[in-house]
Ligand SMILES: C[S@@+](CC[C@H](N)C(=O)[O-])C[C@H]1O[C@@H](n2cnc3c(N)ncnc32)[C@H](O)[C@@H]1O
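Have a look below at one chain only, the form predicted on its own, in structure tokens format.
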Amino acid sequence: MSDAIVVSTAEEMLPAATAELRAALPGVRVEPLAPGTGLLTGDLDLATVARICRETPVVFVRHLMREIARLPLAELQARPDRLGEAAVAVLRAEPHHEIALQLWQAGNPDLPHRPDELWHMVADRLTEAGQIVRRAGQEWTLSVCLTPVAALLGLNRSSEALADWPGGRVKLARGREQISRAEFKLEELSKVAPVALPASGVALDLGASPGGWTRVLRQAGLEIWAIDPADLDSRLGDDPRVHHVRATAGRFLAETDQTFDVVVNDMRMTAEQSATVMLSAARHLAPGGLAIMTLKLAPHDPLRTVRNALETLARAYDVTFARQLHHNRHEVTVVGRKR
């Protein structure tokens, strides 16, 4: 039996994701449901689609959900309690004693209650039926996607969703010690696709100012060479294991003979320029060394932009992860290992 699969992307990136999915899964159909949300149908199953999204990689898909039932929006508006009943029916057909319940809206459906209120209504009804309900961290997830036409209900293994957050929308709280919003990108990466940073060693942070990624890498125990003509945050100034070099990335890489275990790059430049800089950085990276970078997207044809940059990176790296994360905005996070 084939699965109907709800696909979540950034609002403007559903066309790019559709092109990726059609290339990776010939014969599938993608029906737009709302900005950033589509329904994937064809001869496929969720486990296979999740594997292909990871391995190909399919860059612009953030979250997957197997649709099992629909509640028309008009019915939800008239009888909000029907959503809880529909959730109970889904679990009655496929019982699991303890599940994560995740609910989100796609587009601007005319809802009878706020999404958080609907979550509690569904959770209360499931609890009454003897179900243990969590928000995340369970083997199975019951999902509710609220669209302008219907509430879509699904149940699948959390590992097949690509991200254990409603619709792939990873929400993180800013701590007082945080230097910049850019730190969220590394924090989200650590939750969606945990990257094994070395327990010790030396990292190179290209375009480091104001020092957000430097702070995260320093917390992991690494010694950092932070390269940027601009200042670093004053909180990094007294750390003897943070070496700030006031130079451009190109100049530093042309002059240094240092070898690094990790190189990161969140610089504001075109994706192709950034990938080319990473080829230069690879000459200073230990074999098997880790590379993490963001590719800034062009306003037109973002899929071609990413594909070209990944082809450039493939000259020196084995790309192990590439996805537009929730905190990326107009960019894509890429992880690779030097060959």
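Residue positions are given as counts along the sequence shown, with the first one as 1. Bear in mind that the values here come from a model prediction, so they are computed numbers and not experimental data.
Keep in mind the form predicted together with the named molecule is missing from the figure; the text below concerns it.
Check your understanding: Is there a heavy atom of residue 213 lying 4.5 Å or less from a heavy atom of the named molecule in the predicted complex?
Key -> Contact with the named molecule, yes.
Check your understanding: Wondering, does residue 198 line up within 4.5 Å of the named molecule in the predicted complex on heavy atoms?
Key -> Contact with the named molecule, no.
Exercise for review: Find out whether any non-hydrogen atom of residue 87 is located within 4.5 angstroms of the named molecule in the predicted complex, and reply yes or no.
Suggested key: Although the named molecule is absent here, residue 87 would stay clear of it in the predicted complex, with no heavy atoms inside 4.5 Å.
Exercise for review: Using a 4.5 Å heavy atom cut-off, state whether residue 266 contacts the named molecule in the predicted complex.
Suggested key: Output for residue 266 is yes: heavy atoms within 4.5 Å of the named molecule.
Exercise for review: Flag this candidate site as yes only if 204, 242 and 285 all have a heavy atom within 4.5 Å of the named molecule in the predicted complex; otherwise mark no.
Suggested key: None of them does, since no heavy atom lies within 4.5 Å of the partner.
Exercise for review: Select from the listed residues 247, 129, 132, 93 the one whose heavy atoms reach within 4.5 Å of the named molecule in the predicted complex.
Suggested key: Filtering the options by heavy-atom distance leaves 247.
Exercise for review: Note which of 227, 122, 163, 99 lies within 4.5 Å of the named molecule in the predicted complex, where distance is taken over heavy atoms; exactly one does.
Suggested key: Of the listed residues, the single hit is 227.
**Study point:** One stretch from 70-78, 108-116, 169-177, 229-237 that, in the predicted complex, holds residues within 4.5 Å of the named molecule by heavy atom
**Key:** Within 4.5 Å of the partner lies stretch 229-237.
Review point. For 67-91: residues with a non-hydrogen atom within 4.5 angstroms of the named molecule in the predicted complex?
Key: Not one residue comes within 4.5 Å of the partner.
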